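Before any questions on how it binds or moves, here is one chain, the form predicted on its own, in structure tokens.
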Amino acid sequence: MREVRIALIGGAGWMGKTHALIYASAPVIFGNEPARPILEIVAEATDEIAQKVAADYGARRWTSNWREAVEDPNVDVVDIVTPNSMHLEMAVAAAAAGKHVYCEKPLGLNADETREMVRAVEDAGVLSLVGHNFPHNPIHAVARDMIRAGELGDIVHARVSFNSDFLADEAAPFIWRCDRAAAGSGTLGDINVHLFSLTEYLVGPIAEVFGRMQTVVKERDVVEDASYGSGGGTRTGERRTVDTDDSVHMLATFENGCTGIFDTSRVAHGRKIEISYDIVGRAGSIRWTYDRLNELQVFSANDPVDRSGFKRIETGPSHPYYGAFFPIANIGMGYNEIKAIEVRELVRAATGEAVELWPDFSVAHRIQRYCDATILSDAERRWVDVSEIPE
């Protein structure tokens, strides 16, 4: 039985746990062919944390030196789930060591970093994948196929939204995502990039943006070991300035002429995870929401007037990968199932199958250029052409 052996760097947090869960469950879902993902080694900040994470996740080994994990000859894929500021050094080192690189989004702090990362994997001839998991939902493949087949006609408008309230409480502690040096940006890089990846997948590249960014809660309490959903912790009495954005609102023009509206927030009271898109063409439209993530609403302008209206398409075994989870339609896939599809494609590609890893570093670099253009637009209060951010 072939193995794809993985080094997980930064596994103690929520996303590290998610990745480990998928590696462990992948053989049950998909079987052992063409290969079984194996958590070969985990790397964390201290021996104590690394040893605990390895024991919890069933990893074969552990280390507190991430370079040891990257250079390990028994490792095929380096999986990076650290704060954004660490991605560049780790990804470049992994590529130089001849390892395929799987990195959580956003790929880097800015386009200068992501450009270097693209060059590193291309020079090394290794595979790359970035954790923009939402497009791997099979229902979005249906939407993309409809758009590409011209069933909606020319696409004229896209409205996309991602609102949440996980930092709406002013008592929520300062975390690394509130620190520009560690995160690069706040809502823009953490949340709005998901919308960029969805529109990139469905509509195509963005040509220009006009954005506004806002920091709503300007200071937060420092709490030891604070992170998303960690709870508790010891408050130090110190407060830190939040220098990343809490909300982003922007207009965009796509290369195909479609216009777009993007709406994102991490301080929208009462919203937990609300993601949606409405895409309008000259011959019809589609809409989707995360609350009903297994369904796509489709409207055709060609229907008779007395039968006009949105119809519902539900995911089922006829859609890619769905049948590996459930034998009948609309039982309901969730976040982890979508992440499992992402990992499945990584495993297949790592064994040499002709699978398009999406998004790879080159696509994630383009998405980072959208982020940088939005930051520039906000700073200079003007429309910014994406070409102003060097390729």
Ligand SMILES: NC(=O)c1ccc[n+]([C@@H]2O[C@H](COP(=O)([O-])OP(=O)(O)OC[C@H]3O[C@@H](n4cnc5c(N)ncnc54)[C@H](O)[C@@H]3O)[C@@H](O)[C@H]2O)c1
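For every residue, the number given is its place in the sequence shown, counted from 1. Keep in mind that what you see is a predicted model, and the values were worked out from it rather than measured.
This protein has a second form, the form predicted in complex with this ligand, left out of what is shown; the following refers to that one.
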Which one of 100, 266, 136, 87 is close to this ligand in the predicted complex, taking close to mean a heavy atom within 4.5 Å? 87
Of these, 249, 115, 287, 194, which has a heavy atom no more than 4.5 Å from this ligand in the predicted complex? 194
Answer range among 102-110, 198-206, 117-125, 68-76 for contact with this ligand, defined in the predicted complex as heavy atoms within 4.5 Å: 102-110
Are any of the heavy atoms in residue 9 no more than 4.5 Å from a heavy atom of this ligand in the predicted complex? yes
Residue 81: touches this ligand in the predicted complex, heavy atom cutoff 4.5 angstroms: yes
Using the partner position in the predicted complex, report whether residue 15 sits within 4.5 Å of this ligand, counting heavy atoms only. yes
Contact flag, residue 326 vs this ligand in the predicted complex, heavy atom cut 4.5 Å: no
Which residues within 325-339 place at least one heavy atom within 4.5 Å of this ligand in the predicted complex? 335, 339
